[in-house]
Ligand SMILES: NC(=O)c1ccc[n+]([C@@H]2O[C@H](COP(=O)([O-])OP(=O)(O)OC[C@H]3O[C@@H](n4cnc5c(N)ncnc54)[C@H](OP(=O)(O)O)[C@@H]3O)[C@@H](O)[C@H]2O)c1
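One chain follows as structure tokens, the form predicted alone.
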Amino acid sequence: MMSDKKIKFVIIGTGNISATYFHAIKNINEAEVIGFVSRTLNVPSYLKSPGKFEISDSIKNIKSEFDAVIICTPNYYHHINAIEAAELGKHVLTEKPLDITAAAMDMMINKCREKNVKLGVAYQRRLSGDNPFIKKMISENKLGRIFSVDLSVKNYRDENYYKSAPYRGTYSIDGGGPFIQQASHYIDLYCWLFGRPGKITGKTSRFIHNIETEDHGVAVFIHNSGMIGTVTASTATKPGFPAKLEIYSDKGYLIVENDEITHWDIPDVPFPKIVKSKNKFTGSSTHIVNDTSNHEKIIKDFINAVKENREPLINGEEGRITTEVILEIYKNQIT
């Protein structure tokens, strides 16, 4: 029976983020990694016993049986990897963002639908810390009429980060700068909590890095309800700061840092028990994920979606919304 079957994954890409998924799957009894795809046949440095895994330059050449892929390649290649996997009848879980253009996203969504395979996107911030509680409070209208939301994703990346791979900071492969890279997780969280904005404007620029894309910018979201949202995304703000979400309503306010509520003043609603995160990310120069717990949640949901023949928590259509919003920020620049 499918419910008893261990789901076998091939990880496409062998960079830093692939290590996160590999270690996450090691903690999941219902899953295992059987191989990797690397265009250069690179053997991941984190494998203690590399001989146990197939390493191939294409999933078409993987000889072992497997059920699904996890895409850990640069952003532009997501649709290429997804379409190739779907053609083989393999389910697809991709690292964020879904892809970098509307056309590419449509192709991968349509191909996965056509081949009847699942397509999931790893926007794990939805499952992190106090975020599910905040979503519940908003859904139940416990916070009142929200009129202002300020999201700040002020990271810092040094020149070595951008020099570490030729695609970093490019439009053709990355798709943009910190909005589509570092802030993508939180823009997805924003849209999940507050809905898609009705009008989007932005101003982005490049200040301290020798790259093609922006390294700092601000977006303004106007919602049909009248709510105003602002988003700051940066890799230029030294030394890097925790992601912060401020929510203001006619009842009061709350402030969230690193997905944990730090300030709460909503009358008649008791201060919630805070979920402490293991990963104290500060927005500094490191982009390595040490805590895999939220990735484990995303992978477990994806496995259950395959076994139960349902949609993953964040499917292709959901993931598409976040990229569309980011593309609108880039398109609607204030002059």
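Predicted model only: the values in this text are computed from it and were never measured. A residue's number is simply how far along the shown sequence it sits, counting from 1.
Not pictured, yet referred to below: the form predicted together with the ligand.
Taken together, I134, N258 and R320 are entirely out of contact with the ligand in the predicted complex: none brings a heavy atom within 4.5 Å. Contact with the ligand in the predicted complex, defined as a heavy atom within 4.5 Å, holds for exactly one of F241, W264, Y167, F147, namely Y167.
Listed residues Q181, S249, T204, S152 were compared with the ligand in the predicted complex; Q181 is the one with a heavy atom within 4.5 Å. Interface residue remark: K90 is not counted as part of the site for the ligand in the predicted complex, having no heavy atom within 4.5 Å. At least one heavy atom of R39 is located within 4.5 Å of the ligand in the predicted complex. At the 4.5 Å threshold, heavy atoms of S234 stay clear of the ligand in the predicted complex, well away from it. Although the partner is absent here, P74 sits close enough that one of its heavy atoms falls within 4.5 Å of the ligand in the predicted complex. Checking 212 to 220, 190 to 198, 90 to 98, 250 to 258 against the ligand in the predicted complex, the stretch whose residues place heavy atoms within 4.5 Å of it is 90 to 98. In the predicted complex, the ligand lies beyond 4.5 angstroms of every heavy atom of every residue of 186 to 201.
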